[in-house]
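Form predicted on its own, single chain, as C-alpha cells, below.
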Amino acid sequence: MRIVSIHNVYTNENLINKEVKIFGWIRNRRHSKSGVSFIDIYDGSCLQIIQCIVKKNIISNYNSEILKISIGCSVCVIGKVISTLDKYQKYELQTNTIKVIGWVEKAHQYPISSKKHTYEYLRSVPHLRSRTHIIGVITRIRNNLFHAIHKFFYNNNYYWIPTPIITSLDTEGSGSMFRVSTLDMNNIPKNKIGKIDFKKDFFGQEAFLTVSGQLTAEAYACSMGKVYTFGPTFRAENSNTTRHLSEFWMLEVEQSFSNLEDIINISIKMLKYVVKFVLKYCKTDMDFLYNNIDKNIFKRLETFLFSDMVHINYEDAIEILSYSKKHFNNEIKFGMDLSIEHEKYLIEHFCNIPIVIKNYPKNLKAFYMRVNDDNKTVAAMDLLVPKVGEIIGGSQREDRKNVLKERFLELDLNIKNYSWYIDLRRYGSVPHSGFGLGFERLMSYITGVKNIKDIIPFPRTVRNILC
C-alpha cells in the first residue's frame, strides 16, 4: 500500500483500483440516512479534492467518529482508487479505514467554513487562509514561479548569491529603512553630544534591514560575471496601497561586460520564460483563476508572450502624456516622476502592451546609475505591464570612479560609507548592468489578483504584523 498525494491520484492512472493511503483535511462532508457518508478530502498538493465513500457496515468507527467529523479535521484515509463518470471529479476512494488525526474544536466557530470568504476577511486570519481554494492556488503558482526563475538563471549560467539581509547601507538613498538594534530601548546610551551611541550597539554602528541586495551582488558580478540574488527586502514606507508591502521578495540580477540594452533583453527573455513555465505546469490552477478571478488571464499572458514590447525614452513618454487630451490629476513635465495614472495611460491606452521606458533624468534615479553623455539623464529603464505598472527597474551601473563620486556629492551621501563600493571601480572596473524584479508584483500580473497583500503568505504592511 502506497502513501500518495491527491495530485498523484489525478496524474497516475496506474493507481486506479489500487489501495492507497492519503493524509489530508476535510473540505466537506455529507451523511445519508442509508449509512453512507461522502467526505471530501484536500491535501494542498493540487486544486482537486478526492471524495471518500464511507460505509457504515465497513467502517468500525462510523458512529463514534465519522458522524461527528467536521470541516477542517485532519484525517488519514485508506481505500481503493476508482474512476467516476464525473468530469470534475474523475476519481473517488472506496474507503475501508478512516482515522481522525486532529479534531476541530467548536466546529461551528471554525473560521474557514465551506462558504466563500472575502479577501479582507482572509487577511484577518493569515495563519488559516491557505486552507481556501484561492490561497492554495496562489501558493502553488508562487512555488512554480519561484522554481522557474531559479531554473532560468541556472540554465543561463548565472550564479545565485545570498546577499546580506542586515546592512549598513541605504542602496536607494531614500532613508525608508527598518533599523536593527540590540540597544535597550528603555535605557538608550548617548554620546558626548547627546546623540545615540551606536558604538554600544551589536555591530558598533547603525544597522538596517536591507532595501536591496544590489550593491553586494555587484561585487560578485565583478568577479563571477553573471549573478543574481533572490530574497526578502524591506521598505519602511508609509504606503498602504494595493501595490506596496513592507516586506517583499526581490529578484536582482547583475551582469558584467553589459550595457542597458543587454539587461533589457535578458529581463524580457526571463519574463517570457517564467510565464510560459507557469502556463505549462499550473494549468489547473490557472483555469481556476480564469473561472473565478480574471476572464482575460490567458489572452493577457499570450499577448505578453507573442508581442514585441514598446521601447520609448522618458522624454518621449513625457511628450506623449503632454499631448494627451486626457486630463490627469497629477501634473506632468520633464523632470517629474511618472505617477500611477501616467503609467496606466501609457500601458493601457497608448500602447496596450507592456512597455519599456528608459533614459530617465538623473535627478529621479539612484546614485549607482550610469550618467549618459548629455549629463542630464541616466541609462535606466522601467518595465511596465498592464494592470500592475512597474514590475522591473534596472540600469547600466556607473563604472567610472570619478563620476560616481560626483553623484555621491550631488545627493549628499557620505562617501566613506561606500568606500568598498568605490573600490570596485578602482580594481579592474568593467561596464556592468542589472535589474530588480518585484516578485509579488509579477505574481499579481500573472494571476490577476489585484491586491499584493493576497499574493504573499503573511503580508507586512503599515500597522499590520499578524502572525
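Sequential numbering from 1, following the sequence displayed. All figures in this text were calculated on a predicted structure; none of them were measured in a lab.
As for the form predicted in complex with a small molecule, it is not shown, yet the points below apply to it.
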Q.
Looking at 355 to 363, 334 to 342, 293 to 301, 244 to 252, which stretch has residues with any non-hydrogen atom within 4.5 Å of the small molecule in the model of the complex?
A. 244 to 252
Q: Look up in the model of the complex whether Glu390 has a non-hydrogen atom within 4.5 angstroms of the small molecule, and give yes or no.
A: yes
Q: Spell out, yes or no, whether the shortest heavy atom distance between Ile452 and the small molecule in the model of the complex is within 4.5 Å.
A: yes
Q: Examine Glu237 and determine whether its closest non-hydrogen atom to the small molecule in the model of the complex is within 4.5 angstroms.
A: yes
Q. Do Ser212 and the small molecule share at least one heavy atom pair within 4.5 Å in the model of the complex?
A. yes
Q. Which of Leu404, Ile69, Leu437, Leu424 has a heavy atom within 4.5 Å of the small molecule in the model of the complex?
A. Leu437
